[in-house]
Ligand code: PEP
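Consider the single chain below, provided in structure tokens and representing the form predicted on its own.
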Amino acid sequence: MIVIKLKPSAGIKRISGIISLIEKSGYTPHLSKSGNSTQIGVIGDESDIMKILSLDKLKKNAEITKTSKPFKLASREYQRADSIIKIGKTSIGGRNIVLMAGPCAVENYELTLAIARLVKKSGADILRGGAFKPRTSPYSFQGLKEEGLKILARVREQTGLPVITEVISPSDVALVGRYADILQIGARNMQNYALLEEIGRTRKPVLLKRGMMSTLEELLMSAEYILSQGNPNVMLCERGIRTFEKYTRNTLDISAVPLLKQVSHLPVIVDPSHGTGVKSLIPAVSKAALAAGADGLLIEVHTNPEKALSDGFQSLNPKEFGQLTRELTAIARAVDRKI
């Protein structure tokens, strides 16, 4: 990919002219803005693109470079500044640390509303809750589907909390998008390319979870599928990978957080609930994630974990979540960030 880094002296007319030149040449320009910086990425035959660009006098207004990474649009070579994703009044990325909390699965309206009010009181920015639940066993609770989405939308109206929920099929993207503020792609669907491309054609913010046996490069290449379709609002999620260890549900890769932050400009979220599968480990792993540079946490919370229809064993109760958020606030200050 060729990256055109435009200088502040390049005005709107100049930028539009470069974009028009690229489009007339049969290529798709990928425009990115962060602060005072503007970049245009062009993917294709690099020698041909350079020949086309040489016809236009760019040197006065731009610096032209090439990216060496296989993940083009997700790389720091394409965009040096951190991406910041806006969800209503909430910003994800930069100095902000966001807390996404709620039940693994939406069970009913009253319970979801009660949990939402409690997590908001403790500092949560976004309500998580599954309406579609892809499970290992076909006999396990599969979620309330559209009824669950309607419950999440009603709870958002009552609490003001934006909603994140999973979408598992390309055919459901439009449906889930009507109700949710953030679309979640679960670990099992990280390489469902038809789903990634469909979400990429929306402008909806998306949380992309790392596959349970996927490398970081594979995660970033999956993000590239979404970005290449025109959706820049991608967050990466480390949720643990499968190893030989049996004491935890998964092995949460803390080193993935700073590494992803080094090579990519996309926000990084950590899921300590799935990452450990052990509720007593969630506080320690959450603190470690923030210290490592995570931009947010995705935590399962339930008023009665023992009776939850899904993943109660890895869910905090509201009191435990409240205590954790107080401790996380101190960690955030220590690393010059804020919750």
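One rule holds for the numbers: they count along the sequence shown, beginning at 1. Keep in mind the model is a prediction, meaning the values are calculated, not measured.
From this point on, the text means the form predicted together with phosphoenolpyruvate (PEP), which you will not see here.
**Q** Looking at the partner-bound form in the predicted bound form, is Gln184 within 4.5 Å of phosphoenolpyruvate (PEP) by any heavy atom?
**A** Yes - in the predicted bound form, heavy atoms of Gln184 and phosphoenolpyruvate (PEP) come within 4.5 Å of each other.
**Q** At the 4.5 Å heavy atom threshold, is Lys133 in contact with phosphoenolpyruvate (PEP) in the predicted bound form?
**A** Answer yes; at least one heavy atom of Lys133 falls within 4.5 Å of phosphoenolpyruvate (PEP) in the predicted bound form.
**Q** Met235: heavy atom within 4.5 Å of phosphoenolpyruvate (PEP) in the predicted bound form?
**A** Contact check for Met235: no, nothing within 4.5 Å of phosphoenolpyruvate (PEP) in the predicted bound form.
**Q** Classify His274 as contacting or not contacting phosphoenolpyruvate (PEP) in the predicted bound form by the rule of any non-hydrogen atom within 4.5 angstroms, answering yes or no.
**A** Flag for His274 set to yes.
**Q** Exactly one residue in Cys104, Val257, Val119, Val98 has a non-hydrogen atom within 4.5 Å of phosphoenolpyruvate (PEP) in the predicted bound form; which is it?
**A** Exactly one residue meets the criterion: Cys104.
**Q** Select, from the options 184-192, 79-87, 198-206, 154-162, the stretch whose residues sit within 4.5 angstroms of phosphoenolpyruvate (PEP) in the predicted bound form by heavy atom distance.
**A** Correct option: 184-192.
**Q** Scan 163-178 and note down the residues that get a heavy atom within 4.5 Å of phosphoenolpyruvate (PEP) in the predicted bound form; none is a fine answer too.
**A** Only a single residue, Glu166, comes within 4.5 Å of the partner.
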